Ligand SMILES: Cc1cc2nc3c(=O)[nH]c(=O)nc-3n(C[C@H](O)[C@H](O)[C@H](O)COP(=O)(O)OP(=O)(O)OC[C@H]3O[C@@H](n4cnc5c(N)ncnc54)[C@H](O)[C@@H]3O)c2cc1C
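Just one chain is shown here, as structure tokens, and it is the form predicted on its own.
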């Protein structure tokens, strides 16, 4: 049986493993964490949001980012300290402005395919992930931003998304708990929300039932090509200081798929490829709704505040996820109070009867490529594949990209290896 090694056990790695197992491959997933979905797939905004498919490659984004550089609480913040990685990424980002329209439409189409695939996985495997199919509501506080959104909406509809304008009165009817004042909005009834961590862990369990092997606490150190495939070398992670280092271990695979989020750039370099993923930090808070009054005061419909770049998702009866911001600060994972407080303040402003005395803060690194599209498919060398760089739409796109990379693998490697007859 053809053996595929998948590097990374986040949402893209686990969906890739599932797609390969469904096709009959022998699959091994390696990850440096002890459990699946412990990094960027742990506590994101929770949206399956084709409506958020607009890529960021616009001159207005660049100008706004420059204006926000001196504000520590700005929705988009960049550490001005230069690095070659950051500068090269920014240069390529600007170059991709010319492809803004085409890339946005392509992202919408991919998101719609992915949503269908993810729902099918959940139904087939009986995964409970606090799914709510109540749609996503964008709101805008002034006419200028609403009119800009109208132009974006034309692109989203071109990609096949059902999305329509709503008045302030209709906003209140869609989500009565909102307390702000708005000029108008757009509503996408087909979008959904849920808990990405619960989904990924549930799908990982389904993969294990299908024979997928998970090697956790594995720091992958080497990926080397050899006769018949690739050797993946790793050391066991998480040793206590002072303990003897464990000997390196290795496995042999016919092909390897890089699904390693922000670490994908490092692994791609090992394999002769350039995958210019940059870690863009995002923050979330999970508001625990411990009383019937707080539960009644929290939104059921998912919200996206375009000006503040903040989203919400209701996770079951007792949790509200509020997420946002983008921070260009390398691999820094620190949770900063001045980045969390705006999320708390926004929650109090929009939903004043929601108690915010039980808030859990989190930060994660979104793996973003300069064109805002994921890297999916084969690398330069035979047997090397990628499914990475999904940015802020990892969950939204993963169902489709997993199928695409599995199809690319199938085109080169049949699930069952053909053995040549021995010479007489």
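Please read these numbers as outputs of a predicted model, since none were measured by experiment. Residue numbers count along the first chain shown, from 1.
The form predicted together with the ligand is left out here; the points below concern that form.
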Check, residue by residue, if 112, 376 and 399 all come within 4.5 Å of the ligand in the predicted complex, counting heavy atoms only. no
Partner contact check in the predicted complex: of 137 to 145, 89 to 97, 293 to 301, 211 to 219, the stretch with a heavy atom within 4.5 Å of the ligand is 211 to 219
Classify residue 26 as contacting or not contacting the ligand in the predicted complex by the rule of any non-hydrogen atom within 4.5 angstroms, answering yes or no. no
Heavy atom to heavy atom, is residue 267 within 4.5 Å of the ligand in the predicted complex? yes
According to a 4.5 angstroms non-hydrogen atom cut-off, is residue 9 in contact with the ligand in the predicted complex? yes
Can you tell me whether residue 395 touches the ligand? I mean in the predicted complex, with a 4.5 angstroms heavy atom cut-off. yes
In sequence order, which positions of 359 to 393 have a non-hydrogen atom within 4.5 Å of the ligand in the predicted complex? 362, 364, 365, 366, 367, 390, 391, 392, 393
